[in-house]
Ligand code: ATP
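What follows is a single chain, given as structure tokens, in the form predicted alone.
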């Protein structure tokens, strides 16, 4: 059943409708519903083997569902017309290492009816200084930026981004985020898969969490975060995490970046005990669980 609160379910650029897929005896997707709307970034999250790659393969027409349907602009994803309205950046893709970046962009843009100008694509992807260089001579991070440029050069209405910022430094990642936000603001729909949950939290309008081929949760980032009641306490303290793990109300404890980090259900009793146990405690921070904590809890319960 589709979520009535999800506008993508009614006006989908692409959708899976009760999609099933098996590889031999192993189920990869079990009745998955997924809908992608214009002007919306939808993050598809899940542990390795959850079915994310299979879901993308069905939407792109690279795979056929064993049951249910896959739609791309209301049509069969294997038809040429709808595929010319999308851009794709996958984790793996064979590109000629001898061609220069500008040549790759011109070649790819030629497949689309109204592509962006080469200079505009290069500006948006931050690769203007790479156009004359052979693709094979670029670093891994530079190659990822070129792959992003190839995905957006056709002026797509729907963009598939599979782990787009792997290998990028912080500055390049932030620049890519800014371009993705601009595309969404112009009405482009985006399906994002990422293992960087802070990336999904920063960018996504909607989130679907998969595990073992099934949808565990779907909704806005706030709705997914609300699935866990965990609160995160961080502070500078001499108390040992292994001692704190035995305290009532403490779910986890560890040192992270030099600070003590505690996951708790009810913060007030733990806070009082912390302050009583360590008079030198400082840099105290208390916040509700983020998407990462909710994701961990959801997938742990599924496992």
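Numbering follows the first chain given and starts at 1. On a predicted model such as this, the values are computed, not experimentally measured, just so you know.
Heads up, the form predicted in complex with adenosine-5'-triphosphate (ATP) isn't pictured, but that's what we're talking about next.
Colleague: Consider the chain as shown here, without its partner, and state which of 137, 84, 123, 195 has a heavy atom within 4.5 Å of adenosine-5'-triphosphate (ATP) in the model of the complex.
Modeller: It is 195.
Colleague: Name the residue from 39, 49, 31, 249 that puts a heavy atom within 4.5 Å of adenosine-5'-triphosphate (ATP) in the model of the complex.
Modeller: After the contact test, the surviving option is 49.
Colleague: Tell me which stretch of 249-257, 270-278, 23-31, 231-239 has a heavy atom within 4.5 angstroms of adenosine-5'-triphosphate (ATP) in the model of the complex.
Modeller: Single hit among the candidates: 23-31.
Colleague: I'd like to check something about residue 261: if you look in the model of the complex, is any of its heavy atoms closer than or equal to 4.5 Å to a heavy atom of adenosine-5'-triphosphate (ATP)?
Modeller: No, residue 261 stays farther than 4.5 Å from adenosine-5'-triphosphate (ATP) in the model of the complex.
Colleague: Within 4.5 Å of adenosine-5'-triphosphate (ATP) in the model of the complex, counting any non-hydrogen atom, which residues from 197-228 show up?
Modeller: Heavy-atom contacts within 4.5 Å come from no residue here.
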